[in-house]
Each structure stands twice: as C-alpha cells, then as structure tokens.
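As a starting point, one isolated chain is supplied in structure tokens, in the form predicted alone.
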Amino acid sequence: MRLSLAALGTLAMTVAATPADLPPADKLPSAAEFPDVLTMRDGTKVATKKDWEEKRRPELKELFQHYMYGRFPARPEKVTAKILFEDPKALGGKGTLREVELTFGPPEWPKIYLLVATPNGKAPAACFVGPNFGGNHLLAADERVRIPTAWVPDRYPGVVKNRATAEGRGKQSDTWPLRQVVDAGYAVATFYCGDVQPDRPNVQEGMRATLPAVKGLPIPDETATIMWWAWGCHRAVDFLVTDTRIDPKRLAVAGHSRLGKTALLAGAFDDRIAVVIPHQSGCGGAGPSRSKNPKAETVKRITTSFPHWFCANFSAFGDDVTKIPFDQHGLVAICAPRPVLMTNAEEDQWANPPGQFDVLTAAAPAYKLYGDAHPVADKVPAEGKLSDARLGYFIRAGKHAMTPDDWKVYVQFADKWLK
C-alpha cells in the first residue's frame, strides 16, 4: 500500500485494477460523444439495478479515481470531536452555533474545524454540509470562531501574506448565510477547505504531507486536491451522523466553483449524503469534458492552471478529451437514485450551464433503473425557475458567486427531497 494511512483502517476504495486493465490515455479508444453510462468498458450492456450496483457503478468509481481525481483515501476507524464553543442564543436567538474540532489521525495530522449552526427547538434537523473557501471566521463575526492557521489564498478579506487575520471576520457571511438557512429550518455545517488541503500545488502540506515523498515523476493516480476535499466532507459527515441535533438521513452536500466539484465528488463517493448540490462547478465538476460550449473552460486549460486539483493522469487528456473513458454524467450517475441539483448563472458561461444540463440528461438512464421514469426535465427551465426533478436544474441571471438567493433555491429543492 503506497498511501501511508495505515492508522486509518480499511481502505474505502474499489480494488485497484492492473495497468493492463487501465491503459494510458493514448491507448484508450476515442469517443466523440458521451460514453453510454450503462455500457461497461468491455461492451456489456447493464439493464438491471443489480448489475449497475455490482458492476458498472464500481467500474465508474475506479475510472474516476485512476484517470481524474486520484485514489479515494482510507476512511478513519474513528473521528473524535471536541466542542470548542457553543452558543445556544446565536443567530438572533433562532439557533445554536458551535465550532467542533475533528481529529482523525496521528496528532501531527491536520484537523478539521467544523462550524455548525442548528435551529433551536427543531431536532433532528436536515443539514447542509460543505467546505468554504477562506475560513469559518469569514462567515460569522463571533470572535470565538477560529481563524485558520493553514495557508490561505490572498484574495480573501483580511488575508496578509497568505495568513488569515481577524480583519476578515464576518466579511463573507452571504456565501454561507447561517441565519437564513437556520430560519428555514435547516442546519449548516461548513469547514475551511484548507484545513484538509490548502489550495496550492507542489507543497507537502495538509493531507498531502501524509503521503510518502516521491522523487521524480508524480504518481499518476495519487490522491489529488479535489479528492482530498471530498474526503474532508466525508469526515464532517462522520461527525454529523452521530450528532443528535442532525438527522443522519437528511444530509445535503453543497459547494461553489471548485468546491462545487468537490460537492459532486463527495456525493458520488458517500451514500450517506442524501442530496448533492454542485453550484457553478464547471469543468472537472458538473460541466462535461466533451464540451460543445466555446465559452466554457476546457480540460486543457484547467489542468494547466490547476494541475493539483486532479491526478497526473487527467492532464494527458488535455489535447484529446475523446479519449476519456467517461464523462461527468458518469459521476452524477454514481449518485443514483439520490437527487442532484445543478445551479448556474447566465453570465457564467465559463462553468458551462448548457453542458451541465446535457450531463443531467445523459445520467438519466441510471436513475431510470431505480424506477424514476422521468428524472430530468425535457428542456432547460426558464431563467429563475427551478426544475425540481430528481436531477434538478436552475439558472439565474448574474455571475459566478454563491449568494443568499442561491441558498433559497437549495432550500426549495431540499424542501421537496429532504422533507
């Protein structure tokens, strides 16, 4: 085992294929259109839910690990929670605000600091969970909320030389509007993505530092940053399913942009998550690699600008995406029969809103195996109108951002599928 994660227990991954089973990119066959989600790599057609769950779904998980996101790391045998503070009169008296330190490995390993807001007098509550970009302190002005000590991108409020400061407190509360969501009857649990893995390449830090050092070429399918972030979401879920204030059967994962990619991957690889909401996630997330939108981000561009988000194998497809033995509809299909909502903005063509609808349509055959004869709308809904089918879609006016109005849509979708 090349992952130095022995302390974490049994690997939660599919059995690794041999190199002959998973050839390099230039040896793969070409497919100009989306590969059929119900056709195995050997050409066998999947026609039953049993064959999907026992054969095709595990095959897709293995392909996404090997060729795109890297290996799915081990699941800890134990996650220990320590309450750092708790305020039952927070959020205008409507909710309880807590910050929870999650420990899941040796003392020198990173810890996750989970900010949890729950509605008072309503337990157990459905819960939105997901990572945030710059730290929990950006979401709440409360001085007790921890300021991250890990590296932080300098574009966030109050960051000085890539270190967060108290100047940022409460400056991005609209991105995860805790009181608004609690007022709607839902809990919220979020953590700084950099707790798990800071968003920069070529530095042995965060969970990447737990891997053995390798000289020379990178390991082609080594766990990449988006997979680490998704794994961090799962560790948050480990705690939430034990929290008596949270309904473990009603968890929704949400994230924006690169963290929207994370939300989709987290949902695909953890069946405890009941609803999946990748917001404006684009290429590498809900947007297809085989894009027909000339304004959308491409595999070549994203793997050049952000190579650390994906494993080294994925960059080999930049010049010929027809060689990819899957597309993002396969990741959505892995979530079946759980609801997935893709949300977008009209001016954010970089995230490929029309391509995301194509992804939903192409994933529908997997959902039909579970008895949903019409899991996706026949056409893209009008701007500002939610399609709340099991494979949901929403597009609004505006640009690339996660706003309180977007959260109203998440809640509306959750009201149907989590209540």
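Quick note: we count residues from 1 along the sequence shown, nothing fancier. The structure displayed is predicted, hence computed values, not measured ones.
Another form, the form predicted together with a small molecule, is not on view; read the next lines as being about it.
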The one option of Phe239, Tyr113, Trp228, Phe133 with any heavy atom within 4.5 Å of the small molecule in the predicted bound form is Phe133
Only hit among Arg208, Arg258, Arg71, Arg290 for heavy atom within 4.5 Å of the small molecule in the predicted bound form is Arg258
Give a yes/no on whether Ile302 approaches the small molecule to within 4.5 Å in the predicted bound form, heavy atoms considered. yes
For Trp350, is any heavy atom within 4.5 Å of the small molecule in the predicted bound form, or not? yes
Contact label in the predicted bound form: Glu101 to the small molecule, heavy atom within 4.5 Å: no
Please check if Lys408 has a heavy atom lying within 4.5 Å of any heavy atom of the small molecule in the predicted bound form. no
Pick the stretch from 294-302, 169-177, 141-149, 188-196 whose residues have a heavy atom within 4.5 Å of the small molecule in the predicted bound form. 294-302
Each of Phe269, Lys368 and Tyr370 within 4.5 Å of the small molecule in the predicted bound form, by any heavy atom, yes or no? no
